[in-house]
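Consider the single chain below, provided in structure tokens and representing the form predicted alone.
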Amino acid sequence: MKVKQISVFLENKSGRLNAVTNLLAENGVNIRALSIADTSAFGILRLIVNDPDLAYKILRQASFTVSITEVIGVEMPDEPGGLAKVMKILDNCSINIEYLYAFISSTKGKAMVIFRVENIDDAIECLQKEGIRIVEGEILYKM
């Protein structure tokens, strides 16, 4: 149920994001979703890719500061209130959300949200009890 996310520390200067995306492309790594959080000095690029272990390896070999983080992929209706329903469930279970980002699912009428939470196992259990679909990494990597 857990998804491997690649996190890359990038200096906030011209060409760094280009270098990452080109390196991944040259090695056949397909980006499925991404998020960038930045400050004036640096950024954190978070990626869901088709082959996280390969992405980690090639970025590490190219001297990028990179890590693999476990996150969860949650599928929900792509409609008003879809995210609010999931957020309420997590709040009712006292699950703290560190960050999230979203994209449109390949399933018509569905959206996908990537969540980083403090206790991933509790979050999965809580959401599943309420009938929320948690998408396995191997499925998400191929979307």
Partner chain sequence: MYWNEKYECLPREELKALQLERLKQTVERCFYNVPHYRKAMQELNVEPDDIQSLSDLSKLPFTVKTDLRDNYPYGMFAVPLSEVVRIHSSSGTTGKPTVVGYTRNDLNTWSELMARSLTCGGAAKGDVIHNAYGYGLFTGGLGVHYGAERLGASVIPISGGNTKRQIMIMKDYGSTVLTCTPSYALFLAEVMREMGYKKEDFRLKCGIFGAEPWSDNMREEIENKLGIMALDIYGLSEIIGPGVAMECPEKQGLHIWEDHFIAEIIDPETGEVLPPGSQGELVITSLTKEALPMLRYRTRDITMLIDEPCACGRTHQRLFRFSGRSDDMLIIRGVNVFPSQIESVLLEIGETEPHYQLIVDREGTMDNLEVWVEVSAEKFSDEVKMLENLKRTIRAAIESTLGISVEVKLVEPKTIPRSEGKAKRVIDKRHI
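Not measured: the values here are computed from a predicted model. Numbering follows the first chain given and starts at 1.
Below, we refer to the form predicted together with its partner chain, which is not included among the displayed structures.
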| item | value |
| --- | --- |
| Stretch in contact, per heavy atom within 4.5 angstroms of its partner chain in the predicted bound form, of 57 to 65, 102 to 110, 83 to 91, 23 to 31 | 57 to 65 |
| 4.5 Å heavy atom contact, Cys126 and its partner chain in the predicted bound form | no |
| Glu11: touches its partner chain in the predicted bound form, heavy atom cutoff 4.5 angstroms | yes |
| Contact of Arg133 with its partner chain in the predicted bound form (heavy atom, 4.5 Å) | no |
| Proximity of Glu79 to its partner chain in the predicted bound form, heavy atoms at 4.5 Å | no |
| Any residue of 38 to 57 that, in the predicted bound form, places a heavy atom within 4.5 Å of its partner chain | Thr39, Ala41, Phe42, Ile44, Arg46 |
